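The chain below stands alone, shown as structure tokens; this is the form predicted on its own.
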């Protein structure tokens, strides 16, 4: 066999150069690390400007997968081991995921910004399981209702407004079993986590029959229905109401009823078999950083941050300081707790039967 010495020499030279580059600049010839995040679509972690800044700072790129319900989120974790790094989980479902071994216990000392988390959020029982923390408190908010201020004046302060015959055929309601049962529990004076009279809740929900204009399932749908004047009053989330008002210029006002509202806390967790654990910690730390949150809330609209320093940096007129910073208004808020499968199934059965009745 004849060897072309010029070709061989060239190959050796190129190999030597490659080795020198790798020694001097270890990441020069390597692609940026990529993590996969599982979340609701359009919910903070997929803001393009934030991901670009995060990648520029860390050389870690982020791709997303989405879910439309907590049950779908759990199913995706169960059926796609080794796929996800970071997952958004409501505190009512964190212990379920932890108990099934779908997420791993967190070492909060690996998160620089964890020190600024409000203790009541950081240490929320819903983010823990078996004495260990499985979710880093991220954002929180309320579920009650919002009104179209061009059609409703003055703005009501009671949850019974949803049942007021003055708004018959003009009420929007989210198609969600847990949320529906809990709102009816508030309206009937019960504990949202341990209601004792499901018959009263069923009857209260059935009383919505003349009220319902349409059911909605996503923030985008809500905005479309409101902008097309499909309803005057509708169940909604506090952070979404802030966005609807500031970004979409809709004439809406979020209401915290005197009877109370549903409080919820969302945490960021790491999948048990996350392929990029270190990068996942870096991403979570970025998400709870005041620098990210303040821009998210100011430019886009967001739920309230679990980071006390982040809330302090908001403008005094910001929704999350004016509305969610009012201790008197929050006095009757009930936060969602962990829920056993049996209770969730009971809520689902109650709602499915009720929805059928409402649509007859």
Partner chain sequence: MSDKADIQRRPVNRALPVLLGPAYLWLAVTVFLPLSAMVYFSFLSETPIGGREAVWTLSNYGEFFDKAFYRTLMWRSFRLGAEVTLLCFLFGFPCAYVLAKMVKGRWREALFLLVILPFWSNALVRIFSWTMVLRGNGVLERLVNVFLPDVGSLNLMFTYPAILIGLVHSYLPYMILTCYISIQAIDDDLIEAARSMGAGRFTVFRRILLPLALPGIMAGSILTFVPVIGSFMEPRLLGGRNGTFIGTVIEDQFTAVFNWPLGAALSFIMLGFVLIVLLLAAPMIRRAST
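This is a predicted model, so every value here is computed, not measured. Positions refer to the first chain, counted from 1.
Not pictured, yet referred to below: the form predicted together with the partner chain.
In short, of 136-144, 214-222, 233-241, 83-91 it is 214-222 that has heavy atoms within 4.5 Å of the partner chain in the model of the complex.
Taken together, the three residues 36, 109 and 122 lack any non-hydrogen atom within 4.5 angstroms of the partner chain in the model of the complex. Site annotation in the model of the complex: the residue of 194, 130, 175, 153 reaching within 4.5 Å of the partner chain with a heavy atom is 175. In summary, among the residues 57, 298, 69, 332, the only one with a non-hydrogen atom within 4.5 Å of the partner chain in the model of the complex is 69. The shortest heavy atom separation between residue 249 and the partner chain in the model of the complex exceeds 4.5 Å.
By the criterion of a heavy atom within 4.5 Å, residue 75 is counted among the residues contacting the partner chain in the model of the complex. Contact annotation for residue 348: at least one heavy atom lies within 4.5 Å of the partner chain in the model of the complex. In the model of the complex, the partner chain sits within 4.5 Å of a heavy atom of residue 100. Looking at 126-156, no residue comes within 4.5 Å of the partner chain in the model of the complex, counting any heavy atom.
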